[in-house]
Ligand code: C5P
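Just one chain is shown here, as structure tokens, and it is the form predicted alone.
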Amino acid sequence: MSQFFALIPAAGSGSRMGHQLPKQYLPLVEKPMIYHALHTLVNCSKITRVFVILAPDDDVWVRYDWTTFKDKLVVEYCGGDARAESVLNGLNAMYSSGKVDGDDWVLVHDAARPCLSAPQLDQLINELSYDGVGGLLAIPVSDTLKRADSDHRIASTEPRAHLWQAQTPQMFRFNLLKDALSKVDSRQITDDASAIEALGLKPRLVLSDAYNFKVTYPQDLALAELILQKREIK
């Protein structure tokens, strides 16, 4: 029977946050931001192990106590310059460890999406476990979209019908994902589904919600804190 593994690429610097500390380590509800994504993934009974892919020169990870996750957590210092490169390097490290088979599922999740909930994760796994391609959490676009010209003036209004905003985790079979990422320019790929699409396949969209957003700017951190604090109160 296929197993489920999670992989978090966490080798980036998060420069748009305007902070010297890499984004994944910014404090969020008294923990580094990556802790919250790890907590959800590690506590999912269907996931066998969670791999965290760090930059080779990362010296921040060891400043924190991760012992609460020790039974399921594997840390690899093999991250690349681009996200897709980090994921591919992580897959290669997983293969070298002998812990994963080609038909096992890999759920790739952003460290900067700390508000992923257990029900969202369960829904993704349940809907895709028998899918022939795999897929991702996503939400339909609700805002009006404007395309800008070089002067920051509106060039056109884009129809939003059938447009979805991709989230993570994105879940694909190990061999398929590794093959897809090996064939693309890692600098041009912003998510794993794009690499799968480049093979001519159509990943499935699994309905999520707006709480599973990516922390990109300082104000996003404050919103994530409010969401996580509200969950703790419940």
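Since we're looking at a predicted model, the values are computed, not measured. Numbering starts at 1 and follows the sequence shown.
Another form exists, predicted in complex with the ligand; not displayed. Remarks below refer to it.
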- TL;DR on 125 to 133, 105 to 113, 152 to 160, 138 to 146: the one with heavy atoms within 4.5 Å of the ligand in the predicted bound form is 105 to 113
- Query: Hey, with the ligand in the predicted bound form, do 170, 193 and 203 all fall inside the 4.5 Å heavy atom range?
  - Reply: no
- Message: residue 101 versus the ligand, in the predicted bound form: is there a non-hydrogen atom within 4.5 Å?
- Response: no
- Message: Taking any heavy atom pair closer than or equal to 4.5 Å as contact, tell me whether residue 73 reaches the ligand in the predicted bound form.
- Response: no
- Using the partner position in the predicted bound form, report whether residue 93 sits within 4.5 Å of the ligand, counting heavy atoms only. no
- Task: Give, in sequence order, every residue of 67 to 88 that has a heavy atom within 4.5 Å of the ligand in the predicted bound form, or say none if there are no such residues.
- Result: 80, 81, 82, 83, 86
